[in-house]
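Just the one chain here, laid out as structure tokens, in the form predicted alone.
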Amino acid sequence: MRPTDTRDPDYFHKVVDCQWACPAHTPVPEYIRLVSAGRYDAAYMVNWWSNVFPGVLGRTCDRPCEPACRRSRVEEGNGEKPQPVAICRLKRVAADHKGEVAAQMPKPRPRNGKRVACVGGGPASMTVARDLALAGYQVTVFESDPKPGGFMRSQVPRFRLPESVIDEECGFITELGVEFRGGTRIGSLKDLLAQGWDAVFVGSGAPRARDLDLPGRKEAAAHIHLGIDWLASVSFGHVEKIGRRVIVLGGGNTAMDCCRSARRLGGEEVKVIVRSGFDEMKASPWEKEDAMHEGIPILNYHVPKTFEHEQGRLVAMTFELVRAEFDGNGRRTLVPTGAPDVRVECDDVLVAVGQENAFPWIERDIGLEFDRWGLPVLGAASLQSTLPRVFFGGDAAFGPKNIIWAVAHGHEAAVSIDKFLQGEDVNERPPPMVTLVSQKMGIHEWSYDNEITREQRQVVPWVAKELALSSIKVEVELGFDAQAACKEAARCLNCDAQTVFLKDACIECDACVDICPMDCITFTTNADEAELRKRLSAPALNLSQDLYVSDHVKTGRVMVKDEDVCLHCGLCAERCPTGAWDMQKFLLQTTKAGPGCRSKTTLGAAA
């Protein structure tokens, strides 16, 4: 193998698995260390720069960082399944325990005379608005609802996300000089463009729910509700009760929000019924667990067939029982079991089987192309449409995902808009800002705590079940207190404290090999990757994790380190007599809109 090019910012970035997995690339270990030190304001601001909505995401994020966490690959588990660090909940700790951070918010650059319109007040649009306002643009957000937040406000129930959290974090954005026009629905993109906006960002979400066209659907329509529309009605106080027996159709997070909301609005017998297997459900594992904890059963492999009604009143649904069969390529087919259909009595049905984009307000004769799925044709990185001054992001760009992806899209779209309005190529994406700083403070002392705790994952306390189910507005999770947060933060392995090898200082004494608790360092003759992975002291079987390979040391061998199970404990560096190993903190900050994203030529001309 060729020596690892550690100058490539992606190399050490990938070693910080949690940050690499986060769509917004939040510096996770950095803010976790700040939480452990009780520096909640600083931890909040680290999050705010990356993911914009720390308090919201600390409660609602889909947590792509946690499955990637190295802790779950190296922890013994004490007989239980090893658990990742509770990264999401530590984000909430920073938000809940912070003080007054308004004074720490950055000041926008002077206005540059350019005007940008954002359609929709959800996380993607608000991220674009924040980034561009800081860069000197006049940004106006148009939202059909009275207040900003989009689906964070309308579709996430208050028992998961208090409205005060949304108000505060959207307020941080509008206070930067962003104009918010609530209660304003855009009915024509052509008319909006005619108003002279220099650029338009579309972050209108995926507002249309998929329905089920089954026998009885029209006749029983009064008691069959589309999930996202029903959740919005609940959120804005238009719906305050539901029937005693409720069926929720669908296996995603919207279905989980529907069933738990129904339980709080009078549903005594609430069931979730899905056509797939339980493990195939799109809902996050913890969302399913929370629903079942509240006494809501999930029936799988039930395919809906009919809505039964009596004189317009819904009385039941019938389902065909199926099983999953897989072909040689792993593709699944649902086949009937031959068992009799199942009849489930109900008073109301909530249909949460998916969402799709709807752009009736975008004319098809203005040069903006759509693909066969009804999604805009976009540059994959730039998010620019075929109409150059129109950009998309969030669910409106690629279909329904989640808040953290919408934020990531917002950052990228803001960079594109900035470059476009400065006359630059939107496809030339600037590299991130990266620093590597030694953590050495003495012969055997580092500026971070490198002790590996055996503490198990902390359990987040809940309010009493009876109280939680008594109101749609009682927040279920209480969050960590300072003591639990400190214990949980100590579980982080500081994966951003990178083991950096200096081959010219190595005398090949093998002290690092001997001391490594994970057997992840080996000195051997070079070979191709497949062979090297077999030669390590402990074979490197996780192909998704890189090998750190040095150039030839004095004997002609190479140093090979398996990044997969490294604890970043620093023992190799402490034991090395020549300083060939060093622990260096890697910090990556993605480039945001503003001078940092522009070419030197443009900056020189502006100066």
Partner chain sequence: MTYLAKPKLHHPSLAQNKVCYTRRDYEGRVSTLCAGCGHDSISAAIIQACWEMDVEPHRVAKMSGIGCSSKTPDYFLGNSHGFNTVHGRMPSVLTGANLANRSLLYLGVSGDGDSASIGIGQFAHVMRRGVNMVYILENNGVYGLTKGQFSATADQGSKSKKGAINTESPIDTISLALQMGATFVARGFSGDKKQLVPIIKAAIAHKGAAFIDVISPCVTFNNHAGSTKSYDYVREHNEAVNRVDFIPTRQEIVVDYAEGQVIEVEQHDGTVLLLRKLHRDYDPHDKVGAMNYITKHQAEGEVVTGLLYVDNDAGDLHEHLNTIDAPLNTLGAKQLSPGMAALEKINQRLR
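Numbering follows the first chain given and starts at 1. Because the structure is a prediction, the values reported are computed rather than measured.
Although not depicted, the form predicted in complex with the partner chain is the subject of the following passage.
- Put simply, of Glu240, Glu310, Glu508, Glu531 only one has a heavy atom within 4.5 Å of the partner chain in the model of the complex, and it is Glu508.
- Ile515 is the sole member of Val463, Ile515, Val315, Leu321 with a non-hydrogen atom within 4.5 Å of the partner chain in the model of the complex.
- Using a 4.5 angstroms threshold between heavy atoms, His552 stays clear of the partner chain in the model of the complex.
- Within this chain, Leu547 is remote from the site of the partner chain in the model of the complex, having no heavy atom within 4.5 Å.
- The partner chain in the model of the complex is not approached by Asp582, whose heavy atoms all lie more than 4.5 angstroms from it.
- In the model of the complex, at least one heavy atom of Asn450 sits within 4.5 Å of the partner chain.
- Comparing 572-580, 61-69, 23-31, 47-55 against the partner chain in the model of the complex, the single stretch with non-hydrogen atoms within 4.5 angstroms of it is 572-580.
- Taking the partner chain as positioned in the model of the complex, the residues of 524-544 that bring a heavy atom within 4.5 Å of it are, in sequence order, Ala538, Pro539.
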